[in-house]
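Take a look at this one chain, the form predicted on its own, written out in structure tokens.
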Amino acid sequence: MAKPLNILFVASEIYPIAKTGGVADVAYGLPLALRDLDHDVRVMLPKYGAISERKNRIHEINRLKDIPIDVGPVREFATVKSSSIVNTRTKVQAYMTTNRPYFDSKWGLYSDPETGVEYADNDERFIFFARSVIQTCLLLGWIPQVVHVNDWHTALVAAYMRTIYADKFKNTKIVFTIHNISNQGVFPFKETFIKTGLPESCAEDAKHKTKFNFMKLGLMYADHITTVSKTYGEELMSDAKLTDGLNTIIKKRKDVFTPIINGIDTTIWTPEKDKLIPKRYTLDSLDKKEANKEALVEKFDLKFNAETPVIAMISRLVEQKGLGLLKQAAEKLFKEDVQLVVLGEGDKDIEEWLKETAKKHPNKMSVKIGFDENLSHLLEAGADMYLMPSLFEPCGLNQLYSFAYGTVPIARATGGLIDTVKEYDTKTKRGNGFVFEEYKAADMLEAIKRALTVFQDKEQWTNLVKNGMAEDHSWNNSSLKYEEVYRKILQSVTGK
């Protein structure tokens, strides 16, 4: 039997401590699934100002107080504290970097929650965090076999381990996961490069189109690169516009590039045991789902009618998520017998449009602006359909949650959506949702109408719902694929 591995998983957000998107769910579910496979897994993230030390049971570690860290000519001090992430089966230790100017004094993760404007010192914040990761390992005397970094915020860890600290981490292998290529950590080159303290030999590896690019460093210095779905992996290698030209680097490294679809933590996302919904249910007691629909409709101040399908959206309110299509299609959509509930926050103009449209159609649409993890569970349990009309979608998790809750996804054929959502065929009774190809409002509307038609046939609809619920989208399979990647890249160290 293969020996357990020592794995450090580094992310800028981890559920339930800090979350703005899907990376937080992955940074929660995957380490716990790896721990279930008996590996020594630890996670690390910054402690932002909004994170409650009391609620998250965060405490100090004597060896990790007042660690001096240089960001260019400025010396700041990190105190790394300890917490944990848990599910009903297991627990993983979490290290959290604290520092007043960079993290504790800022309420948002990446931007000011009041204005939505990104923090001007984000380059310094994540340089500081990356260096704190290195120092934590050294001060603990714990040199992981695998360090798994995620997106641009943590990519610099790979560069430090392969340059300044190469002798300390010579037997450590680095995996870099691209969750969203559209955010690359781009800053003025000269100023940011000086702040990193990296040797001059790294300058070209850090530069992309005259700018300093954090993500490029991750791509250059990782031993293996992964992304979160097969189709998104193909898009990353072929689409220069999507990647802003980084596709050429990914293509060159295709021999060490593995797409692995995300999973979901089924200890949290399961209608059978979910304490956040009014009525629990299973594939064999689908009639109980209706009580959640009624509670959802009431929560959003709409009038309940069992025969009126409810479509849900939980989303960052940005163009990428297809809100532009919804804007174009709204008037035609609301001529149908349908109700739409939306939960999310993001672009202020989109937020205002949603609120105005809900006022205009008070019996058809309701919107709640903000992020609410608990309410997300009610939307998944209570809705009949879930709309994901994304321009691009690396993996998508909500369609996977929807399958688990018997809520039928309507999705555009992109990234992880096309890998997981298959068009339902009323003749063969195969498929688990509805898909549209082109990023056009008319095509989205047509897919919604196909869903509404099947909804009228209760036998077909029940069959469709059960198809999705019967699928296994847990981390079980995906964690084994990550384990396979880790062991493969470690062969050059162990020789086995």
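Residue numbers here begin at 1 and follow the sequence given. Just so you know, these numbers come straight off a predicted model, no measurement behind them.
Quick note: we don't show the form predicted together with a small molecule, though the next part is all about it.
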Does any heavy atom of residue 14 come within 4.5 Å of a heavy atom of the small molecule in the model of the complex? no
In the model of the complex, residue 97 touching the small molecule (heavy atom, 4.5 Å): no
Should residue 230 be counted as a contact of the small molecule in the model of the complex, where contact means heavy atoms within 4.5 Å? no
Going by a heavy atom distance of 4.5 Å, is residue 26 a contact of the small molecule in the model of the complex? yes
Heavy atom contact within 4.5 Å of the small molecule in the model of the complex, the stretch among 303 to 311, 173 to 181, 354 to 362, 218 to 226: 173 to 181
Which one of 382, 389, 394, 406 is close to the small molecule in the model of the complex, taking close to mean a heavy atom within 4.5 Å? 394
As a check of understanding, the residue in 270, 320, 90, 84 with any heavy atom within 4.5 Å of the small molecule in the model of the complex should be identified as 320
Whether 22, 262 and 316 all lie within 4.5 angstroms of the small molecule in the model of the complex by heavy atom: yes
